[in-house]
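There is one chain below, alone, in structure tokens, taken in the form predicted alone.
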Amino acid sequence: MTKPVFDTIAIIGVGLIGSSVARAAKEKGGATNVVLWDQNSATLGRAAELGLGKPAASMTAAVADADAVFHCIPVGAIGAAAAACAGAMKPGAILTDVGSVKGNVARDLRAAAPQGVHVIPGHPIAGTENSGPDAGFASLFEGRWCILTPEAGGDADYLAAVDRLAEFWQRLGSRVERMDATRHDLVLAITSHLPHLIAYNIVATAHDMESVTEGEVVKFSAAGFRDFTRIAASDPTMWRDVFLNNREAVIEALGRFEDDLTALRKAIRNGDGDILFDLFTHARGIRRSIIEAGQDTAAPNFGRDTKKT
């Protein structure tokens, strides 16, 4: 049997991602022992009932003996949480996270980390619109990318720690990419953050249109709108923090989107079918590329089984 990557890991926050990390780590040999902490005592108790790991009495107790600490909480809360417990971590341990923003998080983690603790921010690009410890599942990370944004340079011990964390995510089924934090935030602004912003806004627009009733919106929702509502059902606290902590990159992506939307509005107003056809053909090609890359399936799935997509 393959030896687990870590003896003990600590998971701070046992929602969808944290509980999935716990399940996958135990099932796939990521860690021998999993210690849990969550500021919500009911959530922590439920995670313990599910057998996801050993609940700790405090954050400092959770991290004290851990070889790696995973902050699985909204990015806006990571800095304060790390500051409250990182001092209790042992030398040589890894301090990491799973947040969708890396620049600000990396800064906060490094400010909190004591000498000898290896700060390696991370982002598994996986999830569903559901939340809580019951929502997690061990296969969530299979075939999905996990981006690590380590510091440039670093001594031999730090580089070995980066390799070890990469091995952990690979053991959980992820494909690992190493990337500069600024680059990560720009890429995710367009591939993740902007789509969520559009989803939240279009659902709100549909609800607020006085000429179309809410009952009609619900009753006659087509597949496209249903997909928007699925995305818009994501945790509002998490996404509020994402936009506030990645505002520069999101604003840049949003500006480009607004320019393209203006051009599209003009084409519709002018009846320019060629522009519309070319745009739709190009977008269709991108969709096919995503399927070919294994990031989604072409199979019809109108119910959107999120544990498989």
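In case it trips you up, residue 1 is the first one in the sequence shown, and so on. Please read all numbers here as calculations on a predicted model, not as lab measurements.
We do not show the form predicted together with a small molecule, though everything after this point is about it.
**Student:** Going by a heavy atom distance of 4.5 Å, is H123 a contact of the small molecule in the model of the complex?
**Tutor:** Because a heavy atom of H123 falls inside 4.5 Å of the small molecule in the model of the complex, the answer is yes.
**Student:** Does S100 reach the small molecule in the model of the complex if we count a contact as any heavy atom within 4.5 Å?
**Tutor:** Flag for S100 set to yes.
**Student:** Is there any non-hydrogen atom of G132 lying within 4.5 Å of the small molecule in the model of the complex?
**Tutor:** Answer yes; at least one heavy atom of G132 falls within 4.5 Å of the small molecule in the model of the complex.
**Student:** Under a 4.5 Å heavy atom criterion, is E177 part of the interface with the small molecule in the model of the complex?
**Tutor:** Because no heavy atom of E177 falls inside 4.5 Å of the small molecule in the model of the complex, the answer is no.
**Student:** Would you kindly say which of L197, A81, A113, I147 lies with a heavy atom within 4.5 Å of the small molecule in the model of the complex?
**Tutor:** The residue in contact is A81.
**Student:** Which residue, M238, V162, A88, V117, has a heavy atom that falls within 4.5 Å of the small molecule in the model of the complex?
**Tutor:** So the residue touching the small molecule in the model of the complex, by this definition, is M238.
**Student:** For the chain seen here without its partner, which of 40-48, 247-255, 23-31, 275-283 has a heavy atom within 4.5 Å of the small molecule in the model of the complex?
**Tutor:** That would be stretch 40-48.
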